[in-house]
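Below, in structure tokens: the form predicted alone, a single chain.
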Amino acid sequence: MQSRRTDIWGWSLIMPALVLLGIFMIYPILSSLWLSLHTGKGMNLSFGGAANILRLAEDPVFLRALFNTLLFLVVQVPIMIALALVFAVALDDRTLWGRAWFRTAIFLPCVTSLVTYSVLFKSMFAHDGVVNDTLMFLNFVDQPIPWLTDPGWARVVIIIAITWRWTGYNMIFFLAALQNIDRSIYEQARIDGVPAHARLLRLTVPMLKPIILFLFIMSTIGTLQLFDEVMNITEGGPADATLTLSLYIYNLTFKFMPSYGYASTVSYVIVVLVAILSWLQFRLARDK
């Protein structure tokens, strides 16, 4: 009897949270899944089954958005994780002067407003922005670089912007993990004559393997949902060169004639990609 009473009290305490979870998470997921099976414009929807899935393979804009998203993922995430690791190792040196100031300076970008920093980057990389003015003043280039009007350079700007903002965020995780590594391991390696680069690759990286896996998965999820930077810096241009899946979903829902069913289908492409890539990363990183 006492056990049953305890169970009732336990369920009564967590029931409000479960109700809110069902209303604001489970119901929207199931509703969007059902919506993805419908075709039509606006609210004039009809059940289409797998029609939206078949449409994906014939939609050149979707294929371009998918390519751009995966390109940002493959290029930007490894660069960001590598930079974060290098910064963390350098700033973990207790003899480094001003390391607290450097830590703060590198971390600050990730607490800035997404819209604010995106607008700032758009201004900096404009045709007559400070970046082109500086490069021309230093005689690195003879004429302004079309950062925002050339497809290749526009992608470079997006990669630079994302890396600038999120490197410090990932660095904090590495710094926290480095605090838990016994210093005597490095001391013994120095005594044995192991060079600095070998200590990094043979000691630090293997011991940080769980954190590296975690950051790769989190960065993968974030990059597959990339929206703010491309929306505010390039608006997906030029010629859809920086269009991402999230921005395409936004366009399908709010910018073009609303196609809610197809937009839901595209959103589930992100879900499937996250699941597949996370599983692959777990498989590749598992201990042999």
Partner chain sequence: MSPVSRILRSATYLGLGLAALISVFPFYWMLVSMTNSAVEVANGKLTFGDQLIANFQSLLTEVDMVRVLFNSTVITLFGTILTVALSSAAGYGFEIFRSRFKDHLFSLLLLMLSIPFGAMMIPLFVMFAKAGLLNSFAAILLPGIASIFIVFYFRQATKAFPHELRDAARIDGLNELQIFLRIYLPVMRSTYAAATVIVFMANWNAYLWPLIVLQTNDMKTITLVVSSLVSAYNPNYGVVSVAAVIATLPTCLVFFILQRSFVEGLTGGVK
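Rigid core here is just the name for the largest C-alpha set that superposes within 1.5 Å across the two forms. Values in this document were obtained by computation on a predicted structure and should not be read as measured data. Numbering follows the first chain given and starts at 1.
Not on display, but discussed next: the form predicted in complex with the partner chain.
Proximity to the partner chain in the model of the complex, defined as a heavy atom within 4.5 Å, singles out one entry of A189, A105, V141, A82, which is A105. In terms of contact with the partner chain in the model of the complex, the residue from V119, V156, L201, L135 that brings a heavy atom within 4.5 Å is V119.
None of 181-189, 201-209, 71-79, 95-103 except one has non-hydrogen atoms within 4.5 angstroms of the partner chain in the model of the complex; the exception is 95-103. The shortest heavy atom separation between I145 and the partner chain in the model of the complex exceeds 4.5 Å. Within this chain, I276 is remote from the site of the partner chain in the model of the complex, having no heavy atom within 4.5 Å.
In the model of the complex, at least one heavy atom of L21 sits within 4.5 Å of the partner chain. For A57, no non-hydrogen atom is located within 4.5 Å of the partner chain in the model of the complex, even though that partner is not displayed. Judged against the partner chain in the model of the complex with a 4.5 angstroms heavy atom cut-off, the residues F216, A239 and L284 are out of contact without exception.
Shown here without the partner chain, the chain has P16, A17, L18, L20, L21, I23, F24, M25, I26, Y27, P28, I29, S31, S32, L35, M43 in 16-52 lying with a heavy atom within 4.5 Å of that partner in the model of the complex. With a cut-off of 2 Å and the rigid core superposed, I276 has a Cα displacement that falls short of the cut-off between the shown form and the other one.
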